[in-house]
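Form predicted alone, single chain, as structure tokens, below.
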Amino acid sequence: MKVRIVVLAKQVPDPETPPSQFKIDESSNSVITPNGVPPVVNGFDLNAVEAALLLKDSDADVEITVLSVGSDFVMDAMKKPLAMGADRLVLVADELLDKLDSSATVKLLAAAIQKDGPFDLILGGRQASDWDQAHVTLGLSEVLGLPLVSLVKKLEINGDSVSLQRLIPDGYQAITAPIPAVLTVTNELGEPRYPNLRGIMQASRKKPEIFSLDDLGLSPEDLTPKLELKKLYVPESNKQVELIEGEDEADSGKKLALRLREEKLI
């Protein structure tokens, strides 16, 4: 029996962008795209791609579809999961989708999954590196009426269920969940594989399947945000540094302790 897996992937600004190039347009509450720094696929979502690929490596009959919603997609970035070994790339693309909140994203993803499905497993990263909210997979499980297991570090398909290890502060929980289910994958699963030359060449020949709002039976009114962003800004740092020097390490430590006591920190 073929197991169909959809992996949610979000295009995000590169987290390695130099701080000097990170700018905010406070008039529109948006991040200014830096010149020469292309976006990437959310790193946590690549962990989810790796989880799906590990299932495929285990000789299971698995089809992996990568699903994303947004606008201004950069194909060099979005095709990375295909180069890693995913089978399909499905994009919900529209110029109206540049400022989605999590509730609108959930609506779009649910509609796309219902149109393109059915799927046995829906995998997502533990959170997105741009907003770090971790709302979407939770909302998606609610809308689709599917069980959710978060922070999965290992998974294995056993017939009509999936065996999981779920990360907790002092170890992990062993959980069995029915299929279909929604899972969020944590980076403790391991580093995503690096695309090889063969995978890159195969990905270059694959074209994404694109859905519009009309294809999903949705209108702009359906995407009205439930969250209002009041202000987006780069916080100012007013920290001051005072260097404590002494004749040797012991003298420096003594002077540091006296200085901390003066400030009533110890």
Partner chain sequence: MTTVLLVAERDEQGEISQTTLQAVAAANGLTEAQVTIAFAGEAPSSAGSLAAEKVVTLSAIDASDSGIYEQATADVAAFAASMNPDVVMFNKSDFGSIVSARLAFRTDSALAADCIGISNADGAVSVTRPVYGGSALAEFEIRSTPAIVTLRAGAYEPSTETGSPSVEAADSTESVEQRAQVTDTVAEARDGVRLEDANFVVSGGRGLGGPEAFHVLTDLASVLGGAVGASRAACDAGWIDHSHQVGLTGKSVSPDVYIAVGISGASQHMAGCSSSRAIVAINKDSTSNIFKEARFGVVGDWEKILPSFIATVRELKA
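So that the term is clear: the rigid core is the largest set of C-alpha atoms that superpose within 1.5 Å between two forms. Positions refer to the first chain, counted from 1. This structure is a prediction, so every number in the text was calculated from the model and none was measured.
There is another form of this protein, the form predicted in complex with its partner chain, and it is not shown here; the text below is about that form.
Across the proposed site, Met75, Phe119 and Leu197 without exception lack any heavy atom within 4.5 Å of its partner chain in the model of the complex. A heavy atom within 4.5 Å of its partner chain in the model of the complex is found for one listed residue only; from Leu229, Ala60, Ile210, Met201, this is Leu229. Of the stretches 88-96, 166-174, 108-116, 75-83, only 166-174 has residues with a heavy atom within 4.5 Å of its partner chain in the model of the complex. Although the partner is absent here, Leu146 sits close enough that one of its heavy atoms falls within 4.5 Å of its partner chain in the model of the complex.
Contact check for Asp160: no non-hydrogen atom falls within 4.5 Å of its partner chain in the model of the complex. Looking at Leu265, you'd find a heavy atom of it within 4.5 angstroms of its partner chain in the model of the complex. Interface membership of Glu247, defined by any non-hydrogen atom within 4.5 Å of its partner chain in the model of the complex, is ruled out.
Contacts between 211-244 and its partner chain, taken as any heavy atom within 4.5 Å in the model of the complex, involve Pro225, Lys226, Leu227, Glu228, Leu229, Lys230, Lys231, Leu232, Tyr233, Val234, Pro235, Ser237, Lys239, Gln240, Val241, Glu242, Leu243, Ile244.
Put the two forms on the same core and the Cα of Asp14 is off by less than 2 Å between the shown form and the other one.
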